[in-house]
Structures are given as structure tokens and as C-alpha cells.
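One chain is shown next in C-alpha cells, namely the form predicted alone.
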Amino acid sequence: MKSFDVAVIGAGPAGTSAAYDLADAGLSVLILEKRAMPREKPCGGAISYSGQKFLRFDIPEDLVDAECFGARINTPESSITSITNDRLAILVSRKNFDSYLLDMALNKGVAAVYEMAKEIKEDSGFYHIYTNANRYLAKNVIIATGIQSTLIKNVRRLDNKDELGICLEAEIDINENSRYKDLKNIIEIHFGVAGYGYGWVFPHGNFLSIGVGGVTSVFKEPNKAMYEFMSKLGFKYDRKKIRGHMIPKGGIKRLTRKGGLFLVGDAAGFVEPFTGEGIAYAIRSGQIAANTIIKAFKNSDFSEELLSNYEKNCSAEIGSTMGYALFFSKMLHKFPNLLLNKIMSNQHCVDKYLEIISQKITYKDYIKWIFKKLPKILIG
């Protein structure tokens, strides 16, 4: 039975980013993915500026469905459009994007098998990963499965309803609704349609990604919300086209490593809690896990002291953003009429918020700015 330096479970952006760096450093790497790629992935498909910057290589132009330079923010009170000179994000099909990332990892010498990992056991200095058909051995394991896999329990407990979000998404032909034929270079966000979340319309060239997402504990009837949202926008609701997935609410303290087992991306809870942005943090957490493991092999040091650098570095690079974003999200959604609708109906507030996306300011900077302007915002 062949053993590997590292096994990566899951071939999304977190897993493939980790595998790419590990193989580039000369380690033997196995990716286990439950289905052959390309495969469908329900997602709005927005990759922020930071997500693009983290990648070790450029994204081919033929994978870019659209570019985003601004947003149209809708609340029950108003509709505000903000356009910037910065490319805030690109829109991609996750099916094609994820497949491309996997190809880049395979080109580095990563091995891949398409089997679902069922169980992980530790024995004699190796982790034994069991599928229905086979067993694989690895010195370290990166779990990049998303939030619903029971493999997470090898590191920590699974999340409860207050710690999870649910999203429903559909891909709709852009010609189905004349109102959206000219939706280019901006995304559309609708607050007030999902508990502690929002609805969205993202342009992807010849189709639109339309969806709703909110926190599970307060977003009680997502299917009904999706139906009402699509109907309100003038789209035909077809249940067969609707796909759903769970995401974690970021900013909550979670265990992300136990021994040589590393949780990355959604499995680690690294999703921005206000926007639901997860791809950038998936890529970066995968890279941080890989860098930690590379140092362990280089120094022949798999001590707790060295491996704990993963949590420390994630906290330094990701934790602060998540914490302030969670505070901002709670503040606005707890008082939707007083704060969320007022702030997101204010042109200056929306313009300033987009500076977070372009990385000109942080959430901490934005919150300080908001509090200074709050009396004038509320009166206005």
C-alpha cells in the first residue's frame, strides 16, 4: 500500500490550493474527491480581488464570465448603485473554475482518486483514510470537504443551526427576463428577503446566478423565500433548477486542527459572515496549512509547537477580518429597520463599503467610519 506525505480530502479551491503548494515543495500528495471533475457546484461564483491575488497563477480569460466593478444594493426603502474604478471581483462558473484549479495541482504531480473518504483512523504514525473500496495512508491530512462532512468530527464538533447558513441558487438564462439583459459589470444584492442574509443576482455572461442565503436558525423557509424572490424579480420558479448548500457562519471560534489533521476553507468555518465570501479564505487557508506542513517536513519537526502555527497564522491573516465582519453583520441584522436599511440606503455608506472589497480599508476601519457618521445617517 502506497503512503503519501499528505492526503487532501476535497478538490475545491481550499484543497487544490493546498495540494498545489505541497507538491511544488516536493512532497507526495494525494487528493481524494468524491466525484470526477468537472462537477456542478451551487455557488454565486464571485471571486474577490483578494481571492485572485492569493492564487499562484493567473485565471484564464476564458474562465471569466463577467467582471464586477460595483453593486446595486436594494433594501425595502431604496435602491443604491455604486460603481468603482476597481475590479472588485470576477464571476466564474464553479464547475469550470474548480476543475481548472485541480488541473493545475495535477500538473504539479499531485495524484487524485475519485472516491469518497468515509473514515480516518490514526495508527503507527500514519493516518489511514478509508473509502468504500480502498485504504490510503498519509503522514498528514487536510480536510477540505465543506461544512457538512462528518470527517470534521475528527477535529471538532459539527456546527449547530446558529453557526450555519443555507443558500439556494439557480442558473437562469439571461434572456428570460429583459430587465436583466443589460446587467453587466455589477452585481445586485437584495436585503430583507432572507433571515440574516440577502438575495443576489450575479451576471455570468449568458446566464444569471440567482439565489438567497441566510442563517439557518432564523431563515426558516428558504424554498418559499426563493420562490418569492424569483417571482418578485420576474423569473419563473422551476424547482428542478434550484440547488442548495450549507455554509458556515464565519467569525465564530472553532478548532481547526488536531495533531496532523487540518481543517481548511468551509470545513474550518472560514466564510465572511456578512457577504458569505468563502473562496478567497478557502484558497488562503489551504496555503497556510500547506506552508505549515512543508516546514514540518523540512525541519523533521511535527511537534505541537510547530503545527500550531497553522492556527496562529490563520488567526493573524483571517481571524481579525472575520471577527469585525461578524460584529458588523450582527449589528446591522439585529436592527434592520434602524441600521441595515439606513446604512445600505445611503450612497456614501455603500460607496465606502466597496472599499473593503477592493482592500483599501478593513472592516475595522469601516465600522469606525460608520459610528462617526451614524447620527447623520439616522437623521437622513
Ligand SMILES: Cc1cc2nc3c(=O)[nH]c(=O)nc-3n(C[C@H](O)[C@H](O)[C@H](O)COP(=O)(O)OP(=O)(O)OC[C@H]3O[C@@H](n4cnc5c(N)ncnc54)[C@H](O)[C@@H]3O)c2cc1C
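Position 1 is the first residue in the sequence shown; the rest follow in order. No experiment lies behind these values; they were computed from the predicted model shown.
Keep in mind that the form predicted in complex with the named molecule is missing from the display, and what follows is about it.
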(message) in the model of the complex, does every one of Asp5, Asp21 and Ala112 come within 4.5 Å of the named molecule, counting any heavy atom?
(response) no
(request) Could you tell me which one of Gly319, Gly26, Pro42, Pro38 places a heavy atom within 4.5 Å of the named molecule in the model of the complex? (result) Pro42
(message) Looking at heavy atoms inside 4.5 Å, which stretch does the named molecule contact in the model of the complex, given the options 241 to 249, 226 to 234, 287 to 295, 104 to 112?
(response) 241 to 249
(message) Using a 4.5 angstroms cut-off on non-hydrogen atoms, would Gly278 count as touching the named molecule in the model of the complex?
(response) yes
(message) I'd like to check something about Trp200: if you look in the model of the complex, is any of its heavy atoms closer than or equal to 4.5 Å to a heavy atom of the named molecule?
(response) yes
(message) Test of understanding: in the model of the complex, would Gly214 fall inside 4.5 Å of the named molecule by heavy atoms?
(response) no
(request) Determine whether any heavy atom of Thr256 comes within 4.5 Å of a heavy atom of the named molecule in the model of the complex, and answer yes or no. (result) no
(message) Under the 4.5 Å heavy atom criterion, name the residues of 108 to 129 that approach the named molecule in the model of the complex, in sequence order.
(response) Glu115, Met116, Ala117
